[in-house]
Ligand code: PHE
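The form predicted alone is given below as one chain in structure tokens.
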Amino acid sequence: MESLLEKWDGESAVARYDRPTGTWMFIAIHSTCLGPAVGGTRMKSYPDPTTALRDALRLAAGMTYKFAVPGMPYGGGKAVLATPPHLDPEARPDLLRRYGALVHQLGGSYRTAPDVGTSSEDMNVVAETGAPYVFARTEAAGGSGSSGPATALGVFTGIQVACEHIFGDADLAGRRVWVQGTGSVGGGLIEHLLEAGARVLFSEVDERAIRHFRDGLGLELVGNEDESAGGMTGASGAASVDAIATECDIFSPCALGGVLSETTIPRLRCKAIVGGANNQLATPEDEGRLQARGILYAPDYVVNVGGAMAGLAMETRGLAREAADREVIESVSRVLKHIFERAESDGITTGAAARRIAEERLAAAG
């Protein structure tokens, strides 16, 4: 752990061991340059505490860029609750309350919301001890609810921008779009795509979801044979190694990360990648591999900002959901167009362009 913190460029990290459950709690605050750090609470099992801390530090840095690129007044943070493999469900509420107390002790320098492994219902419990620094509680509890629909809206907007950039027209009618993962983001994205007349393909491992999208809606299922996909498998969707070669206009990863790698990129048969999953690139070098193949990449944290943007707008500025959604559409469209233009004018990858924009904003703020 010491070597991770020595090399990290963030501001602070908090570690606490929850003895009653055997859970390690990590809160990483990467930057408060633009405002208080905001980030989700990830709850899952890890091989060891060091791996969990590494995840928190990496994700917190990503949140800094997610907010800096569109110019939102927040910094980047992330929390990881590294639970034992078989956490007693009855112990979960008290664990969340102890975590909420830790968030409250930080006095607002870190503010949290759901992430992988947690939900709006969990935030209701965290808020019992962590308020007022807890967002995205259920609507019944006074929060903005699930971030999935607004995230899906941002990804859909990103797909329109990518199509306009590639084809000269944002119209999605007849475009083949492959959505990997049909959870709250992927499922919502599919609804938008179908309304726009796109030809939707999907990948999924959950049998109930497969029945809904394939048998109920008549969509084409792209392979889900096993979990040896070289980075193509996620908790809410999967595709086999062979499936990665599926021909489409847009590939939209909406499960977990690491789907774009040295192994999968040479096999891609798409013109652009615009997805809601975090950390889609297995390594930083994969940006260059995509560029070399002429595949347009929309940086994930640029197009999946919608959930955080809408939720914060509703809870901190009192915007109605419709107004918050309009902000998501306008922001993602404006920022992504700027990134594509900057990448072309500067002769760099779209990821590098996004980072330059973020770093310029951070530098201007001191």
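The numbering used is simple: start at 1 and walk along the sequence shown. Here the structure is a predicted model, which is why all the values come from computation and not from measurement.
Heads up, the form predicted together with the ligand isn't pictured, but that's what we're talking about next.
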Output flag, His30, Thr32 and Val103 jointly within 4.5 Å of the ligand in the predicted bound form, heavy atom basis: no
Stretch in contact, per heavy atom within 4.5 angstroms of the ligand in the predicted bound form, of 22-30, 44-52, 308-316, 331-339: 308-316
Residue (of Thr157, Thr182, Thr83, Ser147) lying close to the ligand in the predicted bound form, criterion heavy atoms within 4.5 Å: Ser147
Selected contact from Val274, Ala136, Val126, Leu260, since only one has a non-hydrogen atom within 4.5 angstroms of the ligand in the predicted bound form: Ala136
Non-hydrogen atom contact Thr264 with the ligand in the predicted bound form at 4.5 angstroms: no
Gly76: touches the ligand in the predicted bound form, heavy atom cutoff 4.5 angstroms: no
Heavy atom of Met63 within 4.5 Å of the ligand in the predicted bound form: yes
Contact label in the predicted bound form: Ala113 to the ligand, heavy atom within 4.5 Å: yes
